[in-house]
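We begin with a single chain expressed as structure tokens, specifically the form predicted on its own.
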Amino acid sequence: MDRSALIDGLHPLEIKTLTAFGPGGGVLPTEQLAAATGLEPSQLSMAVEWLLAKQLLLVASETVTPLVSLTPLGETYFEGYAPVEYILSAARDASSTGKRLTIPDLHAKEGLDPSDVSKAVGRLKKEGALLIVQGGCLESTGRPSPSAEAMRALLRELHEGPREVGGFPEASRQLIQEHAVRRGSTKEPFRVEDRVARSYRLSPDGVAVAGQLAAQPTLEEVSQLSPELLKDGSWRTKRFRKYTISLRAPRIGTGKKHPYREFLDAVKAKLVSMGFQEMRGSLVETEFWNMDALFMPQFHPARDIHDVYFVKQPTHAARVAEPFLSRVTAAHENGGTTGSTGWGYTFNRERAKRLVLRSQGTAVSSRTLAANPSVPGKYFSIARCFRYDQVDATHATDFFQVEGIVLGEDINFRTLLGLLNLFAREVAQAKEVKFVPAYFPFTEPSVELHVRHPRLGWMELGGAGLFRSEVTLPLGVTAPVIAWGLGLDRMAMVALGIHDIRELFTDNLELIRTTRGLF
């Protein structure tokens, strides 16, 4: 190592930091190093990073302690109430007075975000403190909510100042992680930051350079040769800063597709190259095509307000096409001509006209089957779907499904498993795949596809199976049909190396630039 050239290239901040250790070196924590140099925290941080890069300084020890504090929103919650506290209190007041309390009522409350309402209602239901009864009304069960109590305790403690996350019980730590500010979710009451405590020592080269610096006179460094320095000749006693012309130019951000859009285009290109034809459908669908045509009984729990979004205006379609309405009615009531006994209830034709936001891509498949598809034939759809769900790292209230059907006289369950395995490995880029037996009203046999996410573990991608005759025959199809509906958002999480489903829709430019593409 040319130490003379190295010393000439040192910044004054680096020289101060090196000489603070003295010629013998030693170990100095960050606080002692700051006191010895007299530098501002930002100046010391820069000097330390430069010296680490030049291998003149080494990290002797490092301790990382997560600290949690309140955000401005958290302070607002402390002064007033958190959403989970307000909703529980409002439900108790409504139950005691006999008033109706619905989710739209909560959405209309100033300061309550719809996503906050969704998370809070979901948690209170899970804890048994809240029920959603007929008509979508919220009803208190009278039970306490551990989440609401823990939230209030956290707000009180953190109002006094930051605390170490490890000092809280497990239930409180989970609540902190769920409501901590993160990428894609900035409106949260808690902020978790790592407090890094480091100690430094000089490397062997650093000891030699520090000793050489101590042995030579310290000259003031200047960056420009001024007329004053020339007039009085003082330039002879100055040290001029070196300039490096070999440094890389700043990175220029170029135009790029959003990684998720790029992923969706790649999925479509793969399916088209395999000979599949694209199916399309409306986001607003009738209950008939979304559920009835798929042999889902009208008393199925998935039709409740907590699973499906109903359209407010207009509420119903004018008609449902015949002869499909009559055939499906018969299949539900007594099996019709399918050889089945049906569900054995009186089918409500008016309810079949009810308009909903499409909750599953299979609604597109049911319309395609009724449109005289080719046999043999292969069809797919990238369908945006909507379900009332609690938003977290793997769930969202709207999501994309890749829906597909294959018709043919020689189609069987083994064909389906082969296609699912192909999709998991080629599209999701999954390394580990497994199939789990499942039940769906419209397929028999049925299966769920699971893949292992490198960080989140095993994750369900969706369901598949052979369409029952109660689905195909009323729609005019006699050939066997295999079908699947896989969550594209989760497939993209595995393929793109993303750990939070909300990052798929981020507007963070740095994340968009650095996220690797599918190919």
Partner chain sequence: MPTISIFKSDLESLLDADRKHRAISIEDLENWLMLVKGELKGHNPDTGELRVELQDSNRPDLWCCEGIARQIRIKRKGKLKPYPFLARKAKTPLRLIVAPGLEHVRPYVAACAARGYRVTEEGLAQLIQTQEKLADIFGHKRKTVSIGIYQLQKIRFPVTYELVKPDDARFTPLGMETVMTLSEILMVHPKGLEHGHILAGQNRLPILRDARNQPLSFPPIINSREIGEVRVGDDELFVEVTGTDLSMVVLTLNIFAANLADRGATIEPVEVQYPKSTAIGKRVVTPQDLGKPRTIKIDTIERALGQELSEKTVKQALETYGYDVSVGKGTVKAKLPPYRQDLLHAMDVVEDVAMSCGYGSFSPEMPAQFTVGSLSRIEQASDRARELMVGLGFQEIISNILGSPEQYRDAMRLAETEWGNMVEVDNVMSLSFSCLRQWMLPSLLRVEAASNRAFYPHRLFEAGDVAIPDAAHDLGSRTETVLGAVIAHAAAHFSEIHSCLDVLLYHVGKEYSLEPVQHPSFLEGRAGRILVAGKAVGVIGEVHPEVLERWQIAVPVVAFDVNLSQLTDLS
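Positions refer to the first chain, counted from 1. Everything quoted here is computed from the prediction, not taken from an experiment.
The form predicted together with the partner chain is left out here; the points below concern that form.
The partner chain in the model of the complex is approached by Ile512, whose closest heavy atom lies within 4.5 angstroms of it. In the model of the complex, the partner chain sits beyond 4.5 Å of every heavy atom of Leu124. The partner chain is not shown here, but in the model of the complex it comes within 4.5 Å of a heavy atom of Glu285. Proximity of Ala318 to the partner chain in the model of the complex: non-hydrogen atoms within 4.5 Å are present. Proximity to the partner chain in the model of the complex, taken as a non-hydrogen atom within 4.5 angstroms, holds for one residue of Arg384, Arg92, Arg163, His107, which is Arg384. Out of the listed residues Ala438, Cys137, Ala153, Ala208, Ala438 is the one that sits within 4.5 Å of the partner chain in the model of the complex by at least one heavy atom. Although the partner chain is omitted here, in the model of the complex none of Pro41, Glu157 and Trp458 has a heavy atom within 4.5 Å of it. Proximity to the partner chain in the model of the complex, taken as heavy atoms within 4.5 Å, picks out 292-300 from the listed stretches 142-150, 292-300, 77-85, 230-238. Within 4.5 angstroms of the partner chain in the model of the complex, the stretch 442-480 places a non-hydrogen atom from each of Glu444, Pro445, Ser446, Val447, Glu448, Leu466, Arg468, Ser469, Glu470, taken in sequence order.
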